[in-house]
Ligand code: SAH
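Just the one chain here, the form predicted alone, laid out as structure tokens.
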Amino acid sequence: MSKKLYIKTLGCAMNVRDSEHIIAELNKREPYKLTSEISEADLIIINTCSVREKPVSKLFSEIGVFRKYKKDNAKIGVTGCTASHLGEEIIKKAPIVDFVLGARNVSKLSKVIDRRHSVEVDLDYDDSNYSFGEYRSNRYKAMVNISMGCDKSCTYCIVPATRGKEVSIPPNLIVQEVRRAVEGGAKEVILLGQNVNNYGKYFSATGERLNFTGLLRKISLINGLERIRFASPHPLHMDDEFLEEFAFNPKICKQIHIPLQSGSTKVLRDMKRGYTKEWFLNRCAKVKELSPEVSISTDIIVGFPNESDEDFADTLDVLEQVRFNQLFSFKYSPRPHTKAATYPNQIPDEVASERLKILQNRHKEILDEIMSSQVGKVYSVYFDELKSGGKISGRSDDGKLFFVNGSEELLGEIKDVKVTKSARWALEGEVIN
């Protein structure tokens, strides 16, 4: 009988893909069946994130839940970014944990799973040439890592301390993985990296070398692949060659995430982001000029140390000029191993909270204006997920979320859909072909 696995994934799309790799590696050894019940599981894994607020307390709270409900002989593993920076401390604080596996060490799973209190968190470990087993939670869209780690030193970000130095995965391995996904039913691929458009700067093995634009061109040649998305490009590396490929390559979806973080050049300098407000606006204007139908999303941090009212006003100004289709916004939160945690003039929480409220409320107004104008329009939608109540969901080329009445016959299909109803975060429609 197959063993059962309960896995909880926190954080970004790269963590979701790491969890898929974990499942694939387990299944190389012996079959595991996923379960949503902790009490049924033979193996319990929490794949952690260090970016959001209070990740450490959240981790040990989760471990407490596992202790309460797990079977007597079930193993507990902690993986991901919080595992990377805490390492052996996790075992010391929670001896019930059987193993700890850092975000840079996923391919070592077989090495740690049978060794009680094993810890593998080597940030210099390089598995960029390792071929993981094949497992995907959704056969219709495939997430594919194209790099690991980060070569930036943003003063607020813990990622370099949890995922290590940046290295690109060889293009031949990426192409092989995309082909396998397409053969398995995927028509859409999502390329993942901390800064995807920095791809090709660092390779650890000899072989073909491409930059990100070259990789996009190569992947576009794969028969059966209809749509390419990626997350996230860094504004600093958005040169004209890249933007032109984005705009004119018909397989690249016209949805792009450009993380702003702050609209103030002074704050951007303090964050060590490497670009200015003017450069960011220039790049957004350029991509809109080349691709007028583009959808732009972003990340914004408010309340960064020493952020003045004028600095926050600059952020609001960028919001007004670009009119982002999606906004991920947060109050600044100090992280261990980051320079900004030591900065003077930390912003009071009540000030940061008020700024976040102002930012989010204005963006909701912008989004309502954008979405209310969609009724009656027709979009090409790729359907990839069944929902309850006889609904099926998918996304348009520019990333808008759609719900229509439908069944599994629509899964993996691209259909024209006429918008019949709009809401702030999604659209409803009817298939017209």
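Each residue number is its position in the shown sequence, starting from 1. Here the structure is a predicted model, which is why all the values come from computation and not from measurement.
This next part talks about the form predicted together with this ligand, which is not shown.
K.L.:
Within 4.5 angstroms, counting heavy atoms, which one of the listed stretches 353 to 361, 215 to 223, 323 to 331, 200 to 208 is next to this ligand in the predicted complex?
P.N.:
Result of the contact check: 323 to 331.
K.L.:
Each of Lys4, Ile44 and Tyr69 near this ligand in the predicted complex, meaning some heavy atom within 4.5 Å?
P.N.:
Checked in the predicted complex: no contact with this ligand for any of the three.
K.L.:
Would you kindly say which of Gln194, Asn105, Thr315, Asn145 lies with a heavy atom within 4.5 Å of this ligand in the predicted complex?
P.N.:
After the contact test, the surviving option is Gln194.
K.L.:
Among Lys141, Arg283, Arg335, Lys277, which has any heavy atom within 4.5 Å of this ligand in the predicted complex?
P.N.:
By the 4.5 Å heavy-atom cutoff, the listed residue in contact is Arg335.
K.L.:
Taking heavy atoms only, is Val51 within 4.5 angstroms of this ligand in the predicted complex?
P.N.:
It does: once this ligand is placed as it appears in the predicted complex, Val51 has a heavy atom within 4.5 Å of it.
K.L.:
With a cut-off of 4.5 Å between heavy atoms, is Val294 one of the residues that contacts this ligand in the predicted complex?
P.N.:
No, Val294 sits far enough from this ligand in the predicted complex that none of its heavy atoms falls within 4.5 Å.
K.L.:
According to a 4.5 angstroms non-hydrogen atom cut-off, is Tyr156 in contact with this ligand in the predicted complex?
P.N.:
Result yes; Tyr156 sits at the interface with this ligand in the predicted complex.
K.L.:
Could you tell me if Asp126 has a non-hydrogen atom within 4.5 Å of this ligand in the predicted complex?
P.N.:
Output for Asp126 is no: heavy atoms all beyond 4.5 Å of this ligand.
K.L.:
Quick one: which residues from 261 to 280 get a non-hydrogen atom within 4.5 Å of this ligand in the predicted complex?
P.N.:
Heavy-atom contacts within 4.5 Å come from Gln261, Arg273.
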